[in-house]
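In structure tokens, the next block holds one chain alone, the form predicted on its own.
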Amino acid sequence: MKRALALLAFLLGWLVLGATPASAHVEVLSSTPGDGARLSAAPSLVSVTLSENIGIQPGSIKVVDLEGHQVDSGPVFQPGDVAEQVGVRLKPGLPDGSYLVEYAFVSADSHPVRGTFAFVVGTGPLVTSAGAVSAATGTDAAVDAVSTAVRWLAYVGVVLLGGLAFLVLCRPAGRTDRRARRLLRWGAGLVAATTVATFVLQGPYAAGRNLEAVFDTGLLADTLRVAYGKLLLLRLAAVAAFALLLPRLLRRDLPDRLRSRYENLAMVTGFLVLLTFSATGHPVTDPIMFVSVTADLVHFGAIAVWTGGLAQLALCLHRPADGEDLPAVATRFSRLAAGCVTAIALSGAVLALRIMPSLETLWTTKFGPLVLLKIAGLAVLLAVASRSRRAVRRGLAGSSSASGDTAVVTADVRKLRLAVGAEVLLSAVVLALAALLTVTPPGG
């Protein structure tokens, strides 16, 4: 574990020295007409050019007059050959006056970007455009808080599912443990429930509406039309398939041929669940999306296997099976955890370098301190694991191989139980920081 701590320190230094500009949420680069433009005649359409291609999002552009009457006609469409340009047609024969264009887009990482700009037809006054050509989110505070909590619970669910690797690789005897199976079922249930909650919350989250709008059929339809909604449905299908595989995979008398097949299917469905998280977060805003999405998959997957294994280990230590070799289980998990920690550190450094706009992000935005807190949390987690488990595992192995003193073994197991419990709590804090990171723009 000392090597892992040294690796974290090195990568933090690399992050500080090597941060390079990267993209954040979608931005409005230009508009036609421009903000504050004065025109001699009403245009036939209004268009905006964005910093990334987010597809055609129904209802994302609205044009109103001074009395608040909507004057656009027809759906949002792509008026030219530029994929990043979208627009809406205006009603013919509009009179002279001031017009306000309101836009509300959902970026590729699922976050809303809203703002307004105004133009005048004729010589009349220009209506004040609040936040013209801006990236204001305007999300309802309650919806934002609930969405963040749901994201955290979703991460907890994925972590609990990651405990399957512990049962397969470190504790074969736990396959028939009802408590271990129950933990996996809770994970599948959490992922499924939070996926449904995320789907119904996304409409109000993107539109700036309150919690009363969660069952607005129009908003639900809008969510279903965009890629984010479809990825949520894929997540729901994948976790359902994963849950169906679990009882078959964990059967005691399963033939090796079938066990190998079910393990492969579990890996595929687990990969799909992870992919739906990585494909809807900050990594998709990177111009080299493959690098960031791959790094995020490795990062989240390694966290799930490590912390999910910690939860299963805590369960095992609380009440081991009759005749179970605890030192062997702890030793196997220690090797698995070491590989996960290395993967977490390397992939996390790649993500930070690709996503953070600049070095100043660390102290000028909300995103930077959250990154540093997450790194600090992982460092503390590693320190606890390094100091406690090494000594306790040595005591377990020594006492069981030499004198077999039951009192010593019981005391060592109690120490290891407390240490693993502390690691589980620290892991929950790190996951909460990860949930906050997903709803915080890297550049603001």
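Here the structure is a predicted model, which means the values were calculated and not measured. Residues carry their position along the shown sequence, with the first being 1.
Quick note: we don't show the form predicted together with protoporphyrin IX containing FE, though the next part is all about it.
Contact with protoporphyrin IX containing FE in the model of the complex holds for all three of T307, I344 and A434, each having a heavy atom within 4.5 Å. Between protoporphyrin IX containing FE and the residues I375, V63, L416, L50, the one pair within 4.5 Å by heavy atoms in the model of the complex involves I375. Remark: of stretches 89-97, 204-212, 179-187, 347-355, the one touching protoporphyrin IX containing FE in the model of the complex is 347-355 (heavy atom within 4.5 Å). Of the heavy atoms in H299, some are within 4.5 Å of protoporphyrin IX containing FE in the model of the complex. Using a 4.5 angstroms limit between non-hydrogen atoms, P283 touches protoporphyrin IX containing FE in the model of the complex. Contact annotation for V371: at least one heavy atom lies within 4.5 Å of protoporphyrin IX containing FE in the model of the complex. Proximity of Y155 to protoporphyrin IX containing FE in the model of the complex falls within the 4.5 Å heavy atom cutoff.
In the model of the complex, no residue of 166-189 lies within 4.5 Å of protoporphyrin IX containing FE by any heavy atom.
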